[in-house]
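Taking the form predicted alone, here's one chain by itself in structure tokens.
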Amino acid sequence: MRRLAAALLLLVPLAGCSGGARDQADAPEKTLHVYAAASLQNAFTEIGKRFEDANDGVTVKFTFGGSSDLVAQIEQGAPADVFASADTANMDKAVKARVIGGVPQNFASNTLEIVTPPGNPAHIESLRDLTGRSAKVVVCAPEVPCGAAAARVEEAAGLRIKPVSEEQSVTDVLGKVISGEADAGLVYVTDVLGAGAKVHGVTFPESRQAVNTYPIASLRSTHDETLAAGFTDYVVGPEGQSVLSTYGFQKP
């Protein structure tokens, strides 16, 4: 009987620990799905981590890509809570498609910069140099914000660039330059800054003719309107703005 009583006493704390573990495992957790322009990847990854730290039990998952592709995915029912575009045109498309739940807020701006491999082997020094027949240039496709900005820059400068390829996101353009598949590309200032020593940047005055404004909004498809709105407010607020500035983004 004494041995049985001792065994029962040992089981009591174990049962208590088991119940506590179940309670902890059953604690509610929330996942926020954010669809964001490819040029935001570095800045938003850090913002996402900070937002998680400030909100217990919240996990932020990102899908980065060309803004036009993201709008198409959202329209087709992708499980997204928030959309951040690299231009107002694609946000307007999302609004017209009635997939936006909140009011879009502008949170950043960006301009184009020429990017080349380290050392600038093709000696690209100006926007005009991208029009030479010998230069292998890559740009974003016209429907992508960085491609639309490139077209505006060309028009303002009275120049015509004939790229060897048109990519669906700015990160694809950057990747081709880094890999040596292209002599130069048109990306954002923030992309050149983020790539560091992997690339060489060439600024050009015509870039001022095509400043992209970035809007963000929660989506109708969100399962947690409060959390989605909280993230957009965080991006627009001082915490998010501080991170964006360190990655080279300007005020909208």
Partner chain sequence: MSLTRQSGVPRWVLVPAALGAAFVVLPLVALATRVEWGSFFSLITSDSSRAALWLSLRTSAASTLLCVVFGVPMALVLARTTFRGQSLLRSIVLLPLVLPPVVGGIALLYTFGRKGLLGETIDVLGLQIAFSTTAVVIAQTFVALPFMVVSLEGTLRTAGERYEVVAATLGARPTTVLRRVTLPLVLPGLAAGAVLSFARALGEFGATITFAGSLEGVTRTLPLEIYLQRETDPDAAVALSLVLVVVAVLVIGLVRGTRSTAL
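Quick caveat, the model's predicted, so the values are computed rather than measured. Positions refer to the first chain, counted from 1.
What follows is about the form predicted together with its partner chain, which we do not show.
Undergrad: With a cut-off of 4.5 Å between heavy atoms, is Val138 one of the residues that contacts its partner chain in the model of the complex?
TA: Although its partner chain is absent here, Val138 would touch it in the model of the complex, with heavy atoms inside 4.5 Å.
Undergrad: Flag Glu206 as yes or no: does it have a non-hydrogen atom within 4.5 angstroms of any non-hydrogen atom of its partner chain in the model of the complex?
TA: Outside the cut-off, so no.
Undergrad: Lys176 near its partner chain in the model of the complex, any heavy atom under 4.5 Å?
TA: Residue-level check for Lys176: yes, a contact with its partner chain.
Undergrad: Would you check, heavy atoms only and a 4.5 Å threshold, whether Thr190 touches its partner chain in the model of the complex?
TA: Thr190: no, not in contact with its partner chain in the model of the complex.
Undergrad: May I ask whether Glu29, Glu46 and Asp53 all come within 4.5 angstroms of its partner chain in the model of the complex, judged by heavy atoms?
TA: Per the other structure, none of Glu29, Glu46 and Asp53 touch its partner chain.
Undergrad: Want to guess which of 35 to 43, 198 to 206, 218 to 226, 181 to 189 is within 4.5 Å of its partner chain in the model of the complex, heavy atoms only?
TA: Heavy atoms within 4.5 Å of its partner chain in the model of the complex occur in 181 to 189.
Undergrad: Which residues in 69 to 89 have a heavy atom within 4.5 Å of its partner chain in the model of the complex?
TA: Counting only heavy atoms within 4.5 Å of its partner chain in the model of the complex, the single contacting residue of 69 to 89 is Asp69.
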